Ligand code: GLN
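We begin with a single chain expressed as structure tokens, specifically the form predicted alone.
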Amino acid sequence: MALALSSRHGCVLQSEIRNMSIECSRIGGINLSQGVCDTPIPDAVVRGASESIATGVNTYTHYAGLFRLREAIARKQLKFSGMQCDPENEIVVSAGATGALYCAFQTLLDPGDEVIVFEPYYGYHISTLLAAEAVPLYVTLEPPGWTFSLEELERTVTPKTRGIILNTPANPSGKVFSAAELSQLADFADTHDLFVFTDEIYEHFIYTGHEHRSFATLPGMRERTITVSGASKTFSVTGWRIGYAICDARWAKTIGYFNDLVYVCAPAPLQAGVARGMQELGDDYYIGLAREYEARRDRFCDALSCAGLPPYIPDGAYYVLADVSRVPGSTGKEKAMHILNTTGVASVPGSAFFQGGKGNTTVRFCFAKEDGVLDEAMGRLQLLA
């Protein structure tokens, strides 16, 4: 038999987000494609990590994470969402939110199980599902409000459907699902006996007029929900890879075992740094974070409008999809490359967030940048006007 790649290799092709980051680096441009979050790390988080390194917190942790971090996560979850969780048995710290989601899929999905995904979607959700040999089913959110149809959900679900992914606030659309929409999804999940995998990594990036509600706090949803979040975005530590899953103890134990198998543990001193941040940073930090990013959103969306790239104003997170219908190019990738080559500003083709050739009239920008960098990018984009 000839040597060959495994049948799984197709699910780990380089993402368009990373491709555009490479293209941006090649020309020395401003990277608004990847959500790397270039803003400063809170001092408490830095001190917590550096002091832990100095005092010897450098070996393996429990496979579910440092207990002090799990305690801090439980306190934070209770404070901000009202959800009570047991740090001993219901929280697993993993290698980022993506790691937590991967371990949850390995625990709860069998090959061939179907999972409903809303599009525009985050590509890593799809890749991680495929790595678990699950089958994504797509339900399209319709702009400008990125709304879904219950009728389409009912047409999509089959006897093989095992779960649904809910990303709120969402990447790339910035949609925050409303209380009414969450209630509809809760009824749907209950009717069809589905797991609900939530990605709530942008939970603190919520803008005026909107409110984040953890899906697990809805009546009857605690048992079937795997709540996934992390510190990457909130503390600007995307490279630290500190994420976590919160769920019923029946699922958490095996999620922890898969976490041990694949990652052993998240980096010990970085876990300690995140724990310190969660312990010391109060309401003012989180409120200030949302207001700071809302101001960035408003300035950036105004600049996109002036450049002739009408934005879909996000409710939360720190991305914005812009209409690039008037930009030269027949595909989303060609349009994104035209913007990059003309202005030196990198975006992501909207087609990276849809299946079936859709999304070619949008690109995604990330505005999680320090003001000076964002100002320079906004000025350059006016070359398209």
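Residue numbers here begin at 1 and follow the sequence given. What you see is a predicted model, and the numbers here were worked out from it, not measured in a lab.
There is another form of the same protein, the form predicted in complex with this ligand; it is not shown, and what comes next is about it.
- Shown here without its partner, the chain carries F67, I242 and Q271, none of which come within 4.5 Å of this ligand in the model of the complex through any heavy atom.
- Only one listed stretch (139 to 147, 303 to 311, 209 to 217, 117 to 125) carries heavy atoms within 4.5 Å of this ligand in the model of the complex, and that stretch is 117 to 125.
- When this ligand is considered in the model of the complex, P42 lies well away from it, no heavy atom lying within 4.5 Å.
- Using a 4.5 Å cutoff between non-hydrogen atoms, I17 counts as a contact of this ligand in the model of the complex.
- Among residues of the shown chain, T343 is not one whose heavy atoms approach this ligand to within 4.5 Å in the model of the complex.
- Contact check for R297: every heavy atom lies farther than 4.5 Å from this ligand in the model of the complex.
- A heavy atom within 4.5 Å of this ligand in the model of the complex is found for exactly one of Y202, F105, F177, Y293: Y202.
- Along 31 to 57, these residues reach a heavy atom to within 4.5 Å of this ligand in the model of the complex: S33, Q34, G35.
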